[in-house]
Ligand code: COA
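In the block that follows, a single chain appears as structure tokens, in the form predicted alone.
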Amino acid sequence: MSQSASQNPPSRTARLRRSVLSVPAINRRALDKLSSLDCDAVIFDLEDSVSPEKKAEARENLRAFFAASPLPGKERIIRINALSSNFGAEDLALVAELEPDAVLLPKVDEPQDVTDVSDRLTEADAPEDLRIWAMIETPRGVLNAAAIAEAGRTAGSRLDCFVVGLNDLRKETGVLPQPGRTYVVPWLMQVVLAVSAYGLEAIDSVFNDFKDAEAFTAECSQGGAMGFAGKMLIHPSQIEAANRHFGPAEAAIAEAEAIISAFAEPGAGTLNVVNLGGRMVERLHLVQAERLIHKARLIEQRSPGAAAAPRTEA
């Protein structure tokens, strides 16, 4: 794209992305269950989980599903095959036809991977609010994370979110899966830093052993502490823990409300710093507090009663 970059990064999305469930588009039974699940977003996968001989059938499944099931309240993302493959062009044409909330690009290595798809969507007259998500799952993708995220600052860019893919990243680097993800934490934080610099969001990688609830919960807690907006999931049983750990904690909500109240006091409207119980709080903390309260309200609106029982972790 030739447009010049904007002076300020775009504001963070107002969408909930605590739980992002990936569903093979070939699996009609799984598609039929989606309306009953409490996930925030759904990735309809046309790539890794669909064999080459089933790609066309998977696309037809999505045509039928989108015609009958709009899934109100859930963000809908279609993961396509690479444009360099035999299936990418037809997948992208399907995206332009069905108009989901976003298209997820696999193995994004450089900014051009994003801008090429953005240009093609524009040429296909896709709605301006049809966004692009980028899978960061290769060594080049991690090394270029900041440059790719910067593409999101370009006027007219559709880039909105990163999704980390550790399975492919581990395969290409030889790093073994270990509790605590010790050797991949620097790469994860590099992705979080990149999206934070340019006003985007990042979704943490899948956890493969969906039967190990304890280890999954620990990884959700870690991802939330790192700054990820949510987690990509492979099984409905993982939704509850992801919603809990990537949602605002009870103590955080109370503190945010106190900060907002402090800046609302008479005379505080022009102050950049206020005294909150003996602690100096800056106006930047007010922005963070308002964002957190907005997220809590979105949770309450989307799932009545959910905000009454937020997670208790600090």
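Given the structure is predicted, the values throughout are model-derived calculations rather than measurements. Residue numbers run from 1 along the displayed sequence.
What comes next is about the form predicted in complex with the named molecule, which does not appear here.
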Practice item. Heavy atom within 4.5 Å of the named molecule in the model of the complex: which of Ile77, Ala149, Ile80, Met232 fits that? Just give me the one. Key: Met232
Revision key, fill the gap. Answer key: of Leu276, Ile260, Ala251, Leu37, within 4.5 Å of the named molecule in the model of the complex (heavy atoms) is Leu37
Study note, to complete from the structure: Of 284 to 292, 265 to 273, 24 to 32, 60 to 68, the segment with heavy atoms within 4.5 Å of the named molecule in the model of the complex is residues 24 to 32
Check your understanding: in the model of the complex, does Pro236 have a heavy atom within 4.5 Å of the named molecule?
Key -> yes
Check your understanding: Taking 4.5 angstroms as the cut-off for heavy atoms, does Val206 touch the named molecule in the model of the complex?
Key -> yes
Check your understanding: Heavy atom to heavy atom, is Phe210 within 4.5 Å of the named molecule in the model of the complex?
Key -> yes
Exercise for review: Enumerate the residues of 36 to 61 that have a non-hydrogen atom within 4.5 Å of the named molecule in the model of the complex, in sequence order, or give none.
Suggested key: Leu37, Asp45, Ser49
